[in-house]
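Just one chain is shown here, as C-alpha cells, and it is the form predicted alone.
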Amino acid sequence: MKLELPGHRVDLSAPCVMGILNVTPDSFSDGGRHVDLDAALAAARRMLDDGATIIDVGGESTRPGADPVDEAEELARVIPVIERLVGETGCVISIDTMKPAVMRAACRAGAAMINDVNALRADGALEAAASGGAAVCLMHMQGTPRTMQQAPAYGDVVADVRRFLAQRLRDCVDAGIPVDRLLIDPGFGFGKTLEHNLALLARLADFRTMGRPLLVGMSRKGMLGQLTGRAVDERLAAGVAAATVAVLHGANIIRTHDVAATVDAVRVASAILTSAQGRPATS
C-alpha cells in the first residue's frame, strides 16, 4: 500500500512513524518546548534523523479541557515552521488542525497531509481539504477537546467509531476528495474512557477492513498513565508497548513524541508480521 501525497509517495507496505511537533505553549506533554522557531526546527530535524517519515505540526492543543486558539495565532505558530521545514528538509509535513483557513495556508506552505481530529466537520473544512490536494487523516472524537472526557458513552465503541469513520469517508468522497487520499484514526483518548481505548486497541484490526491506511496515536496519553500510574514524561515504555501492539493489529502509521524508540519498536513488530507471512524481513 502506498500513500500518494503532493510531491511525495509514502510506502506503507511496512508501518512508519509520524513525529509530533507541537508549537504550542499548552500541549499536555511538550507544551512550550517548541514555540521558538529554531527550537521547533531542531526538534523536527532530530525526529527525522531518528527515523520519522512524517512530521505532524500542530499549533493548537487538543488535550482534554483545552481552550480554542484563534485562527491568526494558529497561523502565526505553524506557517513559518512548515515553510522552513519544507525549504530546508523537503520532508513530508502534516498539519494538525481543525480550521479550514489553516488547512489552506498550510497546504500552500507545503504541507502534504491534513490531520484533523474533528474529521473535517467544521464549516468549510471539506471544501478546504478538497481544494488543497493534500491527503487527509479523519479522526473520531466524541465532543470537543474541552468537553470530550465528560462521561463519554457508546453502545459498542468499535462499531460506533467505525460507523462514524465510514460516514466521514463517504462525505469526503462526495465532496470531491479522492478516496486514495484518505486515512482513518480511531482517536484514542478523544472522548473515550480507558475501557473504550482498550477495546479499540484489542479490535484495531476491525478498522483495516475499511480499506484505508490506519493511523494510531497513543503516545504519552492518559490511558497509559491510568494503566501504569506514571507521569506524562515517564510513559516511554508504555507508549512503545502500545505502538507495538497497534502495529501487530494492523496500524500503518504510529504518531508519537518518542520517535527513536518507537521506530525501533515498529521495526521489530513489522519484522514479526513479515515472518508470519512467510516473507524475508528487511533490515
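Remember, predicted model here, so these are calculated numbers, not experimental data. Heads up: residue numbers just count along the shown sequence, starting at 1.
One more form of this protein, predicted in complex with a small molecule, exists but is not displayed; see below.
Undergrad: Test of understanding: in the predicted bound form, would Phe188 fall inside 4.5 Å of the small molecule by heavy atoms?
TA: It does: once the small molecule is placed as it appears in the predicted bound form, Phe188 has a heavy atom within 4.5 Å of it.
Undergrad: So, Leu204 and the small molecule: in the predicted bound form, are they within 4.5 Å at any heavy atom pair?
TA: Result no; Leu204 lies far from the small molecule in the predicted bound form.
Undergrad: Hey, in the predicted bound form, is Val92 touching the small molecule, heavy atoms inside 4.5 Å?
TA: Val92: no contact with the small molecule in the predicted bound form.
Undergrad: Looking in the predicted bound form, any heavy atom of Ile177 within 4.5 Å of the small molecule?
TA: Contact check for Ile177: no, nothing within 4.5 Å of the small molecule in the predicted bound form.
Undergrad: At 4.5 Å between heavy atoms, only one of the stretches 46-54, 228-236, 215-223, 241-249 reaches the small molecule in the predicted bound form; which one is it?
TA: That would be 215-223.
Undergrad: Which residue, Ala125, Ala134, Leu182, Val117, is the contact with the small molecule in the predicted bound form, using a 4.5 Å heavy atom cutoff?
TA: Checked against the cut-off, the match is Val117.
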